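Have a look below at one chain only, the form predicted on its own, in structure tokens format.
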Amino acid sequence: MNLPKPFLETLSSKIGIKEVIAFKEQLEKSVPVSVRFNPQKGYQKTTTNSVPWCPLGQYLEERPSFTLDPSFHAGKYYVQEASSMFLWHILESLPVNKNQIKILDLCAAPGGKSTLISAWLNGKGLLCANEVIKNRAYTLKYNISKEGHHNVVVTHNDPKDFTILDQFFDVILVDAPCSGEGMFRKDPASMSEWSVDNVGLCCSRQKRILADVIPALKNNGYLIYSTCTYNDDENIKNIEWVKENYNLQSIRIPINPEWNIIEEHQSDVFGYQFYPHKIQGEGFFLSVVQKDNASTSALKLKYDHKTLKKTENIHKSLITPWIDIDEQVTLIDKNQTIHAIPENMQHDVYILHHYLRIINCGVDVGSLNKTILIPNHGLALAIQKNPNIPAIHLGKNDALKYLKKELELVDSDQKSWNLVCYNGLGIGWLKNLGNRINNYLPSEYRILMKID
């Protein structure tokens, strides 16, 4: 692997030539494969090959074809790089109340860290997962829907749009766009894009993103900053900058020495660096700072409940066959789509709806068409759906045919709408017409690979 010479020089000055030799040797080896299981979709914890800092993480001996596993499409697990699962340990280490917490994942696509936060919250609090690039935002929406929780809002906004949300979030994660040094093994093309100038550009952009979002952090709230790089300019020096300019305090996180995570410490700032020759994973950096308890009170934020309204009682009989509405509230948007969210999250959703572009709100139950409700794909993946919905259970081959939209018939007398299940987990909807079926899997989620 021909690593850029200036990169090696910078890394050598940081960790020494002997460590760089071990680092280079490790990058010639295969990339570790790891997944994080969904605790709400049948996960059984194992004691072998587990990711040390995340109880839901597990290493695999080889990389299977995830696309050809219906359980992957059902959201039973998420394919996530092990180092980034360290976020779980960070969240566990912070003295926060899950029941009332509001978390923002600012640069969230494709959704690895957002789905981890969603699993950690387990239906409590509120998560706002944001992505500025439109097509990536819809990828994020899909991955969030597979997790199945109803307390997540997906937005498509620029970081500067969050500035006005004065002291709204208790925790903000900025997984900042970076030069990608930690991805050299996983994505060799990233080496050709790396340069000293690009590191400088990334550093400036990271500062701008941090400056845009800090006003949205509550007093005493926590900012979690991460990158997949090794250099100090994008990592600990950025934390020094934000600490000095925005009255934040660095938080030291307890870590197990056996994990071989390197704790960095400069100018009363702490950071946690992952090196592939030290741990079973890729390059990663993370640091936590806390906002000072300033005396200024938060601005009173506006809210919008006119274009995202609570459903009327006349809709209840249409909704209850599809989703359990206990301790939930259902909202209807201008397109007549029904959304189910936790009842205690309603006012916060109205605030976000006023200031941001929401592309997914809780569980998208379905769309009203006069006196019927047409179920949304997100409902098939949701944890809170009505357990009495008629379901058709498919074996692996037929489930893959369904996911390729090539299944023509099902062996069932249950007509009309049916939840399509694989190993007890929903993967979509179909209408059984007896002599044929209508497949309601969205075309953008269809498997294109050949089934062997």
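Just count from 1 along the sequence shown to find any residue number. Since we're looking at a predicted model, the values are computed, not measured.
Beyond what is shown, the protein has a form predicted together with a small molecule; the following relates to that form.
Visitor: In the model of the complex, does each residue in the set K306, K334 and G366 place a non-hydrogen atom within 4.5 angstroms of the small molecule?
Guide: No, the candidate spot makes no contact with the small molecule.
Visitor: Taking the shortest heavy atom distance, is G378 within 4.5 Å of the small molecule in the model of the complex?
Guide: Looking in the model of the complex, residue contacts with the small molecule do not include G378, since no heavy atom lies within 4.5 Å.
Visitor: Residue-level contact is defined here as any heavy atom of the residue lying within 4.5 Å of the small molecule in the model of the complex; does E131 satisfy this criterion?
Guide: Judged by the heavy-atom cut-off of 4.5 Å, E131 is in contact with the small molecule in the model of the complex.
Visitor: Is there a heavy atom of G111 no more than 4.5 Å from a heavy atom of the small molecule in the model of the complex?
Guide: Residue-level check for G111: yes, a contact with the small molecule.
Visitor: Evaluate R205 for contact with the small molecule in the model of the complex, applying a 4.5 angstroms cut-off between non-hydrogen atoms, and reply yes or no.
Guide: Result yes; R205 sits at the interface with the small molecule in the model of the complex.
Visitor: Thinking of the small molecule in the model of the complex, which stretch from 298 to 306, 352 to 360, 92 to 100, 131 to 139 has heavy atoms inside 4.5 Å of it?
Guide: Single hit among the candidates: 131 to 139.
Visitor: Which pick from L373, I224, A176, V199 sits with a heavy atom within 4.5 Å of the small molecule in the model of the complex?
Guide: That would be A176.
Visitor: Just give me the single entry in V153, A119, L248, C107 that has a non-hydrogen atom within 4.5 angstroms of the small molecule in the model of the complex.
Guide: Looking at V153, A119, L248, C107 one by one, just C107 meets the 4.5 Å heavy-atom criterion.
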